[in-house]
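Given as structure tokens, the chain that follows is alone and in the form predicted alone.
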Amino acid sequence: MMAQYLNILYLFAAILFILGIKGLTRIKTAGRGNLLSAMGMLVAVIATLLKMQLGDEALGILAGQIGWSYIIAGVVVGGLIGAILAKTIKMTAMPQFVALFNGFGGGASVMVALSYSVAKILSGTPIGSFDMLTVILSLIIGSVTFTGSLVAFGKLQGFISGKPILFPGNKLLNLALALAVIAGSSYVLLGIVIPAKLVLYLIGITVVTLLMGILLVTPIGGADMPVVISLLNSYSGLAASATGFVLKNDLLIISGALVGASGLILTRIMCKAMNRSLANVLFGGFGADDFAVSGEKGKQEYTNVKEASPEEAALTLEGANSVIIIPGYGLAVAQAQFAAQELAEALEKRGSKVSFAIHPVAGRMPGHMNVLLAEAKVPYEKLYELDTINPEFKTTDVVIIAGANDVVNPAAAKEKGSPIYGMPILNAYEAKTVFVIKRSLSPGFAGIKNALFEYDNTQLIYGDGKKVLQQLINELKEL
């Protein structure tokens, strides 16, 4: 009877996970979605602990002689670390924070699979073929996710160069490592390995795939990290699902599959937004060609750039009936989202219609810019996606670009030889007047010059994004 109640709890937790993911699709319901998902995880943890007490074989093998004191201590310490990180992490660092979470999920799957295998071997209990397959899948996917996510974190945090890191024979080495993993896994699955050496083979597979995770992500440039994060998020879900088969835990299989599927869908959306091929992401090394091509173009000098002061820009804004603000990663770095909202309010008081145009990759991950603007209390109704806002640019009086670069570069639509050609962009160049707030003429992540800066309707306002926006607000008040 108790087992039936536990299954009901698992079903309830799975429903909460699904509702939570659904809630995360919109800014208005994202907070509720997070809360529902957290409640689902709490229910899942409680149900799993109760199941262990009922003598579940797989969980019992892992638990061994570990008492409740260790389990409670782990929950408390882990919860405390999570709470501290959630309170102290800056919104601008959210992408690398997510990358770390992905890595921890993959690492946990590896530890569970190894612990289960070692405990089985030490007890003299044979591991069935299907169980061994799930163990190996957990080790491979989890290891690649763990080290790949750490590399992604390092690139986003600046610990590792954001440029593609390649060396002669990089792809051949990846191929050799992949063949080694396939060979080792085949030996284990076919039962050729004697039990005494089984642990060594499993550890060997883990070490090789850990190295593969590093080599698969280091050749990818910083501009493509949003896609990589989405893909690694999917990997962490697949690793968790495989671990669910190891533990024979239905909820872990369901939740892992949900994360894996949603991650793949998000990856596909990101690839479309950045005009990338999913095959390039899967096999690593994409982005390298872009930088190789852009190296020469990035050195080209601008010949027709007009500069404007905040005072001159304010005079133009005073008579604008419609204004579109395009925020980018530079705005996030400058923590200028609050100033952007204040400027929008100042313009609306003067009768201007103000909208915010959000590119799918604004910031450094999907939804990153939406979260930043929500933090500044920008109404969700004023946030417009690329497809919705693009037709409006032709009739817009003024566009203010704050920290965005590649996502407004007309080269993506007009220059077939450009490395970003075909990438969907915000058509800011079609507006009557464009003001670009930028510290300098340095290129964006793609490493190429922005053709928009030389357009006749474009003027640059040099300076820190937050300070320039505040100057615009002050100038408008004086007018």
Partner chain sequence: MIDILALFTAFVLAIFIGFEVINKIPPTLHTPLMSGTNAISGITIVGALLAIPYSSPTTANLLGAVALAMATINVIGGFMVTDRMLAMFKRKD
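Residue numbers count along the first chain shown, from 1. What you see is a predicted model; the values in this text were computed from it and never measured.
Here the subject shifts to the form predicted together with the partner chain, a form of this protein not shown in this document.
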Any non-hydrogen atom of residue 101 within 4.5 angstroms of the partner chain in the predicted complex
yes
Find out whether any non-hydrogen atom of residue 375 is located within 4.5 angstroms of the partner chain in the predicted complex, and reply yes or no.
yes
Is it the case that residue 153, even though its partner is missing from this view, gets within 4.5 Å of the partner chain in the predicted complex, heavy atoms only?
no
May I ask you to state whether residue 128 is within 4.5 Å of the partner chain in the predicted complex, using heavy atom distances?
no
Can you confirm whether 257, 264 and 380, the three residues that make up this candidate site, all sit within 4.5 Å of the partner chain in the predicted complex, judged by heavy atoms?
yes
Segment that reaches the partner chain in the predicted complex - one of 173-181, 156-164, 311-319, 88-96, heavy atoms within 4.5 Å:
88-96
Check each of 218, 249, 405, 147 and return the one that places a heavy atom within 4.5 angstroms of the partner chain in the predicted complex.
249
Which residue, 391, 204, 169, 79, is the contact with the partner chain in the predicted complex, using a 4.5 Å heavy atom cutoff?
79
Interface residues of 229-251 toward the partner chain, as seen in the predicted complex [heavy atoms, 4.5 Å]:
229, 230, 233, 236, 237, 238, 240, 241, 243, 245, 247, 248, 249, 250, 251
